[in-house]
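Take a look at this single chain, the form predicted alone, given in structure tokens.
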Amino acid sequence: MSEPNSSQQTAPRWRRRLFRNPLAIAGFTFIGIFVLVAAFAPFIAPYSPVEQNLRGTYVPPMRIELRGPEGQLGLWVREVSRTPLGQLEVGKELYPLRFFVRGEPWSWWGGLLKSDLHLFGVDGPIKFYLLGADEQGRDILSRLCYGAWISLSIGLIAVAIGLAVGVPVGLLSGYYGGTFDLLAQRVVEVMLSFPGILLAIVLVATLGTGLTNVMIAVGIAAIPVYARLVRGSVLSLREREFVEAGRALGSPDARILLRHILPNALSPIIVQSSLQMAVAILFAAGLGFLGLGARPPEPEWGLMLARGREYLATAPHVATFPGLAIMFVALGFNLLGDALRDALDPRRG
């Protein structure tokens, strides 16, 4: 007989603790916003993330006015553009801002979603840059929306790679010990001797730049973290009574590992996965900042931040908004990880 799964025993209790924790609520809020933005990026983004407008270079965030030309209430904007000499020009005519407008057609989710509907647009012949434009006149808001999909995809795939390799290695290493444990842990120690970002840089330099290689490199950098974590959990579980009972009943090792040990080691894995999402997104942004990640004109946040640092004196918004996006999505996953750690702690009543 196996010991009842601890997650089954405490599920209602840990859920109550989780959803009463302000850190969890804040983390879920930040993550939920970015997930929605990534899921509906073409609808939220008013323009294509690679569409250039040389008359709109370095345009700062555009101001919204609450009264029209005749004093009527509503949302109104003026045209803002750059002259050939680089001077900022603000038009005198006001144009109404509309919601749920028809515009450039888009396709998303592999063609499952197709439409020309956008969340907002200007009823007039001008472009509206809510968060400003970059050095090539591309809409920063649109690039941030599409970049959310890239950053979250990198995080998910990198964590999946770490789980797929690190968890089995940790399970086998901790359960069997011996020669396999000795060899596996020496490899893990060598990988852990490199700082995570340095290991990712070495792997990207070896594999080549590009988003696919960034995902693989960041995922490989996460493998030793999961392997060491799972091994420690297995070492504390393999001598427990329910495991001994399984052996006495003649259960094969695979059944003991998958049915008895792994479910009872899920709590630290879940917590680490949330924290590792933040690490993976930061690593990917760091690689993009160093020019080892996404290639222009892809709207990856780290690459946007790297390009924006060149214009901090004249157009600080170009780097500010990608930096804030990286900060808040990483903060969301860190807050959620801390809340999960507290909720799943068996020492809490």
Partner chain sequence: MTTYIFRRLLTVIPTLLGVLLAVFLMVRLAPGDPAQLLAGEFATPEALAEIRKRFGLDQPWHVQLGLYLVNVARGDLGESVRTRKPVSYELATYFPNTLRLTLGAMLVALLVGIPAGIVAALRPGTVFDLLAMLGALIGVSMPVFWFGLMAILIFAVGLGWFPVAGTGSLWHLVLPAITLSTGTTAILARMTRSAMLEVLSQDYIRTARAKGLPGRVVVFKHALRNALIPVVTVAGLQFGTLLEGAVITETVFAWPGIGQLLVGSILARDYPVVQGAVLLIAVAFILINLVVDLLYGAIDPRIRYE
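Computed from a predicted model, the values in this text were never measured in an experiment. Numbering follows the first chain given and starts at 1.
The discussion below concerns the form predicted together with its partner chain, not included here.
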Every residue of Arg186, Gly196 and Leu292 near its partner chain in the model of the complex, heavy atom within 4.5 Å:
yes
Hey, of 47-55, 317-325, 63-71, 34-42, which bit sits against its partner chain in the model of the complex at 4.5 Å between non-hydrogen atoms?
317-325
is_contact(Leu117, its partner chain) in the model of the complex, heavy atom dist at most 4.5 Å:
no
Quick one: does Thr206 come within 4.5 Å of its partner chain in the model of the complex, counting heavy atoms only?
yes
May I ask you to check whether Ala280 falls inside a 4.5 Å heavy atom distance of its partner chain in the model of the complex?
no
Just checking whether Leu172 would be counted as a contact of its partner chain in the model of the complex - the rule being heavy atoms within 4.5 angstroms.
no
Could you work out which of Leu130, Leu266, Val190, Val101 is the residue within 4.5 angstroms of its partner chain in the model of the complex, going by heavy atoms?
Val190
